[in-house]
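Same protein, same chain, two forms; see structure 1 and structure 2 below, as structure tokens.
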Structure 1
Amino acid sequence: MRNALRLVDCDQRAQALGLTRGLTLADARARIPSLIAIEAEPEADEAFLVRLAAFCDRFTPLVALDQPYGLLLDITGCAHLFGGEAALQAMIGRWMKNGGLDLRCAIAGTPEAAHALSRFGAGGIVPVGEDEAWLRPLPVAALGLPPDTVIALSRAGLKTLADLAVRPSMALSARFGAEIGTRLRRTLGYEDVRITPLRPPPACVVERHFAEPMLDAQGLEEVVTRLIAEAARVLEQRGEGGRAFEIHFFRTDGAVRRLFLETGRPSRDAKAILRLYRERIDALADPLDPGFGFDAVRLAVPVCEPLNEAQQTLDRRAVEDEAVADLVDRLVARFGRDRVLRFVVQDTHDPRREARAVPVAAAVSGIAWPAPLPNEPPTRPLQLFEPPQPVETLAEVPDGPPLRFRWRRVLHEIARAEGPERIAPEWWRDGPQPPLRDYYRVEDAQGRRFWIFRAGLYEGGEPPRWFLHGLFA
């Protein structure tokens, strides 16, 4: 019996015929030979619920899963956009019905109260301050307690929330656990804990809803332009700028299309943000298909940072910096953040690992590039070869600088040399280690400067080899 197939869920017709969750499939078929059973797919069910949550973003940005087959929407401050709570509830009901779904919905003061009324009550809209009166007749199972606790409460004669509400909370907690008191307070509306949405609430949100579906691409861009300008005004009032902008396009068939824009520094320049939007639209592999039309557009700013008005310098460096930053943002919008890279320094003495390329918008450590000594030539070349170029060298043994070397069939006579700078391998890394390297900065008779190293020592074994690692400007 432990390995028997069991019913995970039943539709209304099956429940009316006496089938329940947990019943073995053999017993169910014995009762109803014509039973149609479909193999459960919990992963697919959850994926569908997540897609349904994305659809409900059009009503509020605060949407959470209420497992196993429910959603919680925090509509605080949103209902008036749809004509009030009753109109919003009716609209959601029509959408779900058009999608072939049955809906039981409740609007209450706390998430737990709405959960209890929708699953164990008749649903509806609870007037402000009347949560307890609506919830007291519900069974104790509405608290979402473990089944054994529900059975114990029933055996003790506590079958409804009203039975629990008149009992001292300390006595209930002492006998049935502290969780029952917490759940009871939240369900009856005495304590409110906000939902944890699937997507973090953005710092700034502006949106437009349309009475008729919008199909015109030019009109859609005008709406986006107005939303960007409105968000810029909100950010200006706060003294902030956005680092990320997310535009949601809600289609009438329930599909949701999102465009994500990033900037390298805080921005509320509406024209610059609109240019990024156009770059992103032009770079889409899958064009923005309106289908039967869009019924809502939302612009969210999930990442904001303080932004003060920049003062232009006399040498116009601030203008140049803004132009470079704007160019980087446009490249990211067109090609993607992972294809626009910058170099950052790493805390290592190994010149091969001193710099690495990261996405231009990625957060990096606070390590700064080493500043050159005043009036001194650079210790590292700007250009490094990967891998280093092998050269033929005549040098003093054992630790002398090279006297001449041949690279790419050209012989270079050394006029000046400085070194050696010995760089040992990083012994704490796993795997085989490269040999010890002695680096020299050399200058040939024509004034060209090179960075050369000897890999290994002359002490026994295979003789060391020489390589050209970089060129000085």
Structure 2
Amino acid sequence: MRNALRLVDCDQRAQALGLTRGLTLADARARIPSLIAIEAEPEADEAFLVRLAAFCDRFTPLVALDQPYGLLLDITGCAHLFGGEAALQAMIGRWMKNGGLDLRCAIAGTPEAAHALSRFGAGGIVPVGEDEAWLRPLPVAALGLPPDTVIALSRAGLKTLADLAVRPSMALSARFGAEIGTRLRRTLGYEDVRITPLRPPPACVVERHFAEPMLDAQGLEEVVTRLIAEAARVLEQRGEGGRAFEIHFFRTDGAVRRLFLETGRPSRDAKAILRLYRERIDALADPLDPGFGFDAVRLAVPVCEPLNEAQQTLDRRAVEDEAVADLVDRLVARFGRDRVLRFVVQDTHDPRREARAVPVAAAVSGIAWPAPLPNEPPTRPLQLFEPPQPVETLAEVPDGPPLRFRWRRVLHEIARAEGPERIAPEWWRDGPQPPLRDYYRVEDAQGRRFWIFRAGLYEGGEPPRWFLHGLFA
């Protein structure tokens, strides 16, 4: 019974022919020889649903997935923008139909009520305050309880929500668990809980919807300019600045393109943000494809931080810091976060891990760089090879510096040398320890300075190998 192909779902025609979910494929084929079966792809279904949710962002910022095959939209305070609930429902219906999807839609006072009505009722728009009347005739399965609870309820003769609603909830909870009481209250509209949206709603959103699809890149930039100015005004009133800006372009065919901008400090400087936007657009590997046009643009500010209007200082240091931060923002917008770096020191003696380059935006470590000893020549190279490059050497045993070595097919005669400086592997790391390294600073006859090491000691067995690790200035 387990190793059988089963129907995961079937369309309306198949249902009309008597096929149901869970039927084995062999049985279904025996009944309907012309059956078209497609292998189920739950991941693809989910990805499609997420894309559909992104599309629905144009109606409300609060969109949640309602598995399986469902979306929950919190349209509180949004419906009037589209001409009322009925008009909004009709609009969504048209969109879905154009996209080749069948839609069952319900608008109700609570998410659970809408869920129950769309899946187990006729759908439609519940007038305010009539939730209970609309929902009472629905079957108990509409509560979304586990199948065995539903079976147990129906065995007890409780077929509809009305049957449950008249019973004392204490008795129901005692028999079927606390869950049922909560579900019932929410479905019938006694208790309302907000949905958890797929993406958290941004702190500040401004958007434009166009009467006609917009194709022109210049016009689009004009719109973005106005949106940025508008958002800047909103942020100023709140005394905040944005750390991140997200621009959504809603295409007429339902695709949504997102652009993400980041700033190093909270900002509401419209011109600076617009410059970042231009950099970003310029640096796109695949340019913004308008297709048949965009019909809405939204600017969201997901991350806000307090930004107080400060007295403009003419202190050179502060002005310079500001200018450098602006430059970094522009470079990050163009080249990406992980390409604009700052060095931070690591607390280790191992030269390979001594320093790290981290994005400028990432936190800066408080450790200062160790100062070199005065009156000493550089003991660490300017350039470091990672991994070190193997070289052929001629050296004294057991611990003399190399006399000559061959690197990249060029023979270098050593004129000066200093060493060894013994660097042990980091003892705190697990696993097999790499051999210790004896480093030499050497200079060849042309004056090129190298950092060379011998991995391990001469102690019988396999002889140690030599590597070039770095180049001195």
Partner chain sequence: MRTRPDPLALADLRRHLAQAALRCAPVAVGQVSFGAAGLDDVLGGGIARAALHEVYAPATADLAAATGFAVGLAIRAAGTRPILWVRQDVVDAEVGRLHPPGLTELGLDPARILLVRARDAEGVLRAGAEAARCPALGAVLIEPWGMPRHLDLTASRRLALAAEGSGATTLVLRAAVAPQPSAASTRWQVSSLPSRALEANAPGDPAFSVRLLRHRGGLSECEWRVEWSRDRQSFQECAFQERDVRDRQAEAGRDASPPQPRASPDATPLSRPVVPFPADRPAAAGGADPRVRRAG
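Source: prediction; values computed, not measured. Here the rigid core means the biggest group of C-alpha atoms that line up within 1.5 Å when the two forms are laid on top of each other. Counting starts at 1 and follows the sequence of structure 1.
Between structures 1 and 2, only structure 1 derives from the form predicted on its own. Put the two forms on the same core and the Cα of P432 is off by 2 Å or more between structures 1 and 2. After superposition on the rigid core, the Cα atom of A285 is displaced by less than 2 Å between structures 1 and 2. C-alpha superpositions between structures 1 and 2 give a turn of 34 degrees for the smaller rigid part relative to the larger.
Taking the core as the fixed frame between structures 1 and 2, we note the C-alpha of L394 moving 20.9 angstrom. The rigid core superposition between structures 1 and 2 gives a CA shift for R356 of 2.9 Å.
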